[in-house]
Structures are given as C-alpha cells and as structure tokens.
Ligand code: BDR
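Coming up is one lone chain in structure tokens, specifically the form predicted alone.
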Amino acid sequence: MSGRIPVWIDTDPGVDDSFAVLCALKDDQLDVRGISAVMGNAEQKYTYKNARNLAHFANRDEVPVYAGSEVPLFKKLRTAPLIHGETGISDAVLEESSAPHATLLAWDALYKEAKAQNGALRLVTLGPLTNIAKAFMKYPELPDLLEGIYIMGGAAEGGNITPCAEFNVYVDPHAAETVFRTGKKVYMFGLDVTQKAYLTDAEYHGIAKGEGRMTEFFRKSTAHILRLKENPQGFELYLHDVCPVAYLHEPSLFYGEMAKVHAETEGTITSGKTVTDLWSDKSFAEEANTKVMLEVNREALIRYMTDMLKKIQ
C-alpha cells in the first residue's frame, strides 16, 4: 500500500509494549521498518527474544529485530518483574521465531534506516531511551534524519516508579535528557495521558474471554498485573505504550501542549523527573520542542487496539 507511514519501534516488551508492537505490525497505515530491543521492563535477553517472537506471532517475520542496550548509560539496571514477570510477558509463552538474527546493533540499524527514509521515518520509543541516546551520540546528524520522536515516557506531574518519576525515564534519565536536548520535536506520551488510556474491568474481561491465540496471549501476559490487584474483579489496565502508536494512526485521538522538557539526572530524590514548563512562567525554558500529551479519546483508543488485535487469529 502506498502512502504508509515508515515507523521504527524501540521497545522493551513488556505487556503493554507487546500490545503496542502488535498494533503497529497489524496497522495497514504503518510500515514498520525495524524493531530494536532495549532493557527495561525485563533484561535485554528477554526483551530481544520477545520482540522477535512478537513479529513472528503477528506473521511479520520479515520485519527485522535488532539487539540493543543491556544496561543504562550510567545507572544500575532496574526492571519491573512484579508487573511484567521475569521474562517481560508474565505467564505467556510465544512460539519461537525462526527468522535470521540481525547482525547490526540497534543504533547502527536505526541510523541506516533513517538515512534510507530520507527524513520520513517516525521513531516510536516504548522503553528506556538508551538505544536512542547511543544512536544520537554516535551519529549526531541522526535527529535531523527523523520526522519526529514519539516517546512513551515521563510525566509533567507525578510518577509511577517514584513519586515524581515515570519508569522509562527513571531507568535511564541520562539517555532521556540526551534525547530531549537534541532540539528535534518530541511528542511525549507520559503518565499525564497514558493513565487516562485504560481498560475498565468490563472491557478487560470482554477481551480476555473467548478462544484463540491472541486472547490467550492477552490473558496470560496480564496475569502478573491481575495478581497484584487487591480486587481482580474491579481494576483498570493501563495501555501506556499503545498511545504513541495510536497517535500515528489517528492524531486527533490526543490533545497536547508545547513545552520545553528536561530529564533530571542528578537529583537524589527527583532522578528521572521530566521537568516541563507547562504551568511555570517559562523563565527557565529555551524554545519549546516537546508536545506534552494531556488528553486522549479513551473509547476510540480502545476501539483502535481491539480492531488491530482482532487481526491476529
């Protein structure tokens, strides 16, 4: 199909990462040119395996998957086994991909594809930004070769790993700050909007019931999350990582405002905080370069995700 949007996905699957990757792979408007795996929700050996197996699960073995960073730039790695399980996809088991292993590393492959796409490539990041920071440091011209950077991470207010930091930025704040400093326009899908993108109890069980390999994967991959809930019959499942993918499909689903964003790298208590000038007098900020997403049409987002996942039989 002509006119498809070329997309690169950098990810750490991860439960909601998996749903986002599958949506992108089954979206006829998106042309996924490559997937790179970074540590985050689980160790890189698992996220790389999961990314390969998700492409296979979606019958998209032709999409290349590249190995990336195993540790953050400077911090000790912190993963999220309570939410995602040790392997990243909780109790789910995916069939092993038999696709050849790519020989390029993530940052080299991203640069090569960005050059080939001549400024049209959209970069979607669903995990810590370590791979992207390495790519930008090795290839300083790379930001100018991208159409835009669509980040699931950060929060103008609050956090989910500390009181003021979102997980992806907290894992590698130095990498996040490297990306925010590029001057390239960033679209930040932080907790301000992603915690408004959720499945209700009824919506979750509507998807989880029934038969089929997608339904089974959905049910088993969310098992750790269910076990954490005090009341498994009344909970909300956040679809954090689906948001930037859905935006590429239909930008009108989201509302955001421009701001300058920095990631705090030195604070003992505030490490990983994404500091924005949305509500300040803007006296500290340079020219705003980040669109901070604040609202989402939740019902339309869920329709998008379920429509994409239904394509997997």
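What you see is a predicted model; the values in this text were computed from it and never measured. Residue indices: 1-based, along the sequence shown.
Just so it is clear, the following notes concern the form predicted in complex with beta-D-ribofuranose (BDR), a form of the same protein that is not shown.
Query - Touches beta-D-ribofuranose (BDR) in the model of the complex: S97 (any heavy atom, 4.5 Å) - result: Answer no; every heavy atom of S97 is more than 4.5 Å from beta-D-ribofuranose (BDR) in the model of the complex.
Report task. Mark S221 yes when one of its heavy atoms lies within 4.5 Å of a heavy atom of beta-D-ribofuranose (BDR) in the model of the complex, and no otherwise. Result -> S221: no, not in contact with beta-D-ribofuranose (BDR) in the model of the complex.
**Report entry** Contact test in the model of the complex: T274 vs beta-D-ribofuranose (BDR), heavy atoms, 4.5 Å
**Finding:** Heavy-atom contact with beta-D-ribofuranose (BDR) at 4.5 Å: absent for T274.
Query raised in the report: Should T200 be classed as touching beta-D-ribofuranose (BDR) in the model of the complex when contacts are defined as heavy atoms within 4.5 Å?
Result: No, T200 stays farther than 4.5 Å from beta-D-ribofuranose (BDR) in the model of the complex.
Query raised in the report: Heavy atoms within 4.5 Å of beta-D-ribofuranose (BDR) in the model of the complex: which stretch among 104-112, 212-220, 152-160, 130-138?
Result: Checking each option against the 4.5 Å cut-off leaves 152-160.
Requested in this report: Taking 4.5 Å between heavy atoms as the contact cutoff, choose which of Y187, F167, Y204, F180 touches beta-D-ribofuranose (BDR) in the model of the complex.
Outcome: Of the candidates Y187, F167, Y204, F180, F167 is the one lying within 4.5 Å of beta-D-ribofuranose (BDR) in the model of the complex.
Query raised in the report: Hey, which residues along 238-271 are within 4.5 angstroms of beta-D-ribofuranose (BDR) in the model of the complex, non-hydrogen atoms only?
Result: H240, D241 sit within 4.5 Å of the partner.
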